[in-house]
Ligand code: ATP
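Here's a solo chain for you in structure tokens, the form predicted alone.
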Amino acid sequence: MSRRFLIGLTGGIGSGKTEALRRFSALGASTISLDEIAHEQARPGGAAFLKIVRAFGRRILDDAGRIDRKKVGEKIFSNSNFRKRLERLTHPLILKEMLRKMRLSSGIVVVDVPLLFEGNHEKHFDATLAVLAPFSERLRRVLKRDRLSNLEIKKRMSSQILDEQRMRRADVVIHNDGSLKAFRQNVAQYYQAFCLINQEQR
């Protein structure tokens, strides 16, 4: 297997990190999303499904017997103890699957890790990249994208570290406060830089 260059990607809700991950993928990087891993594991038959149901009860299931993410979200973002309990149940499983997928990847590998710094996961990566955007713009994007109230969004934002902390800890910062075209161009420039670094390390 060829040399891997592992990049941990993070950013607050509405920052644009999902768009960055899509762009890295389109440019040729291998990409991994921890949100997608979490969703797979929370489906019926998934590694975390029964653990979550046992912890929070069948009230969190929808009519089809699947975990209702909105119900779980309301629970964990209104009570930090519930959130910590869910994290204790699911994070080890998600981390194990992330590491497995990373071992099978090669070249430039970008991993979307929402709680990269909160969980002190930097040690798994060669470089870390944070996507930042103004609070008002993030709020506008999430209001447009999700069926959540202003209060619900702000609760979710307050559960994450501040952008100032991400800026201090990240190796690379991309500001997503302009046009989509400019943002994609910035991502492409960093992708080229990561490719050069990876080539030099061979």
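Note that the structure is predicted; figures quoted are calculated from it, not measured. A residue's number is simply how far along the shown sequence it sits, counting from 1.
Beyond what is shown, the protein has a form predicted together with this ligand; the following relates to that form.
Contact check for S179: a non-hydrogen atom falls within 4.5 Å of this ligand in the predicted bound form.
Using a 4.5 Å cutoff between non-hydrogen atoms, R145 counts as a contact of this ligand in the predicted bound form. The closest non-hydrogen atom of T18 lies within 4.5 Å of this ligand in the predicted bound form.
By the criterion of a heavy atom within 4.5 Å, D171 is excluded from the residues contacting this ligand in the predicted bound form. Between 163-171, 23-31, 43-51, 137-145, the stretch whose residues reach within 4.5 angstroms of this ligand in the predicted bound form through a non-hydrogen atom is 137-145. Of the residues in 32-60, only D35 comes within 4.5 Å of this ligand in the predicted bound form through at least one heavy atom.
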